[in-house]
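Next up: just one chain, as structure tokens, the form predicted on its own.
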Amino acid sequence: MDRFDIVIVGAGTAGMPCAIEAAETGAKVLVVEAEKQTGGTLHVSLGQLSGAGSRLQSERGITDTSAAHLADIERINRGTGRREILDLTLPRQGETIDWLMENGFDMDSSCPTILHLHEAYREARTYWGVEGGLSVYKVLKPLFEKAMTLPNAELRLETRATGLRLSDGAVTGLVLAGPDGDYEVATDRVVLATGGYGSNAALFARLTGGRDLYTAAMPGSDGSGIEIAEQAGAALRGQDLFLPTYAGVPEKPGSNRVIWRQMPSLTPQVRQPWELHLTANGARFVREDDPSVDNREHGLVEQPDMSFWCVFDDDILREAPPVLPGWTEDELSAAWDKRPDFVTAPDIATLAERTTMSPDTLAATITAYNAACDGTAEDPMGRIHLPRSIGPSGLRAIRMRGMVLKTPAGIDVDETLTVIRPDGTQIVGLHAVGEAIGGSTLSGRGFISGMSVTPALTLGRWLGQRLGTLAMEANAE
């Protein structure tokens, strides 16, 4: 049986930097990756980064600190993140930005900036590459490949971890399933960097109150590491902190997949809304032009099926900036012609019938909004952007859904990223990092700009250095 000092499960945003640093210590490292390629969600992620005190901020005359970063995070998520893990990552995230730049990161020229895709920071500390997550991957890939050429490091693709071996509450090995069958490796240290469960509808429902899953996550985000840890006695946390992304349209009827290219433009700072967002009954539930995306996300999570109808008319379709800017003309034409979630109607009563909204509620909603557009009444939701009234003829509606890229629940860890049981005791030798510890660990019940990719990189590097050093010290005894 092969023996390794450290086995890292997952070669994505957290696993790759963990392996790079661990291998450089001289420790014997095995990396296993279920997919045919490395990179994980970096292939689809927007790759938002955040960090205070970077050299780029200094060059722009921006004075920022990790304490200010923390204060912004806790303002946005109402203190629902884990302070001890935030204290571990935030002081190091500016250094992570510098590290990426030192290794050729292709930074967007507008960065650092304040981004409004999520609830905005008060300081310009958000960054991204010109190719989104791929820009991060293009830095990690050569560093990772170089690390895997070291005599003490090995990568095995298309290899899944299926279970842990424990003795007296400590890790002794890992069960793997590879192209040639099942086998075991011996190790005292396992790092679960397997990502979240955004493509596992059953696990999502179990950890999110039975909700249906609509997702843009990679197929490999199946929660396997979370299930392995749970089987070994690990505690989970964050099940109560789910918040949907506002919002997506499935790529085809009956599908739960959302393609990022096809995301609707619902951010008022990018495109002011001309439409109404209506519940299944035909009532408004948010102020559509609310500058706070957090308010809109919290409004959406309260809807029973986390969906709403985006309602407008033919004139708005012609005059307004497109609400679906990433869709091709052929895709839109086919959707309006054939899809049940793209509805056209000659009048309000027919729109209500075809969408199953209440005709009385829908009519009252549109009438009240139109009065605000005409200047004869205040908008009931306090909306400011009132470009034109809707209807009464040539009406349209698109059903949009709260969706998932980052999942909130994950493996419970202590401040050393060691996995713990429900009673707080450590599973010695078992560690977790990245989305496997739950998106809510750092973002709480909210979406915090740059607080997925950057902590995965930062804590992955920190954990790799720490475990590699501990392994070398143990080998020297």
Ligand SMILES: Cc1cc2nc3c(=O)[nH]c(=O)nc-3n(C[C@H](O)[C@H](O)[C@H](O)COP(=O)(O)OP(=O)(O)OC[C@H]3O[C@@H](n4cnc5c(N)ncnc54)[C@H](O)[C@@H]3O)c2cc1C
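Note that residue numbering follows the sequence shown and begins at 1. Small disclaimer: the values here were computed from a predicted structure and weren't measured.
What comes next is about the form predicted in complex with this ligand, which does not appear here.
- Within this chain, Val44 lines the site of this ligand in the predicted bound form, having a heavy atom no more than 4.5 Å away.
- Remark: Ser452 counts among the residues lining this ligand in the predicted bound form, judged by a heavy atom distance of 4.5 Å or less.
- Under a 4.5 angstroms non-hydrogen atom cutoff, this ligand in the predicted bound form has Lys406 among its neighbouring residues.
- Of the heavy atoms in Glu275, none are within 4.5 Å of this ligand in the predicted bound form.
- Taken together, the three residues Ser54, Thr113 and Ser292 lack any non-hydrogen atom within 4.5 angstroms of this ligand in the predicted bound form.
- Out of the listed residues Leu300, Ala161, Leu207, Val249, Ala161 is the one that sits within 4.5 Å of this ligand in the predicted bound form by at least one heavy atom.
- Stretch 218-226 is the answer when you ask which of 354-362, 81-89, 382-390, 218-226 has residues with heavy atoms within 4.5 Å of this ligand in the predicted bound form.
- Counting a residue when any of its non-hydrogen atoms is within 4.5 Å of this ligand in the predicted bound form, the hits in 177-214 run Ala193, Thr194, Gly195.
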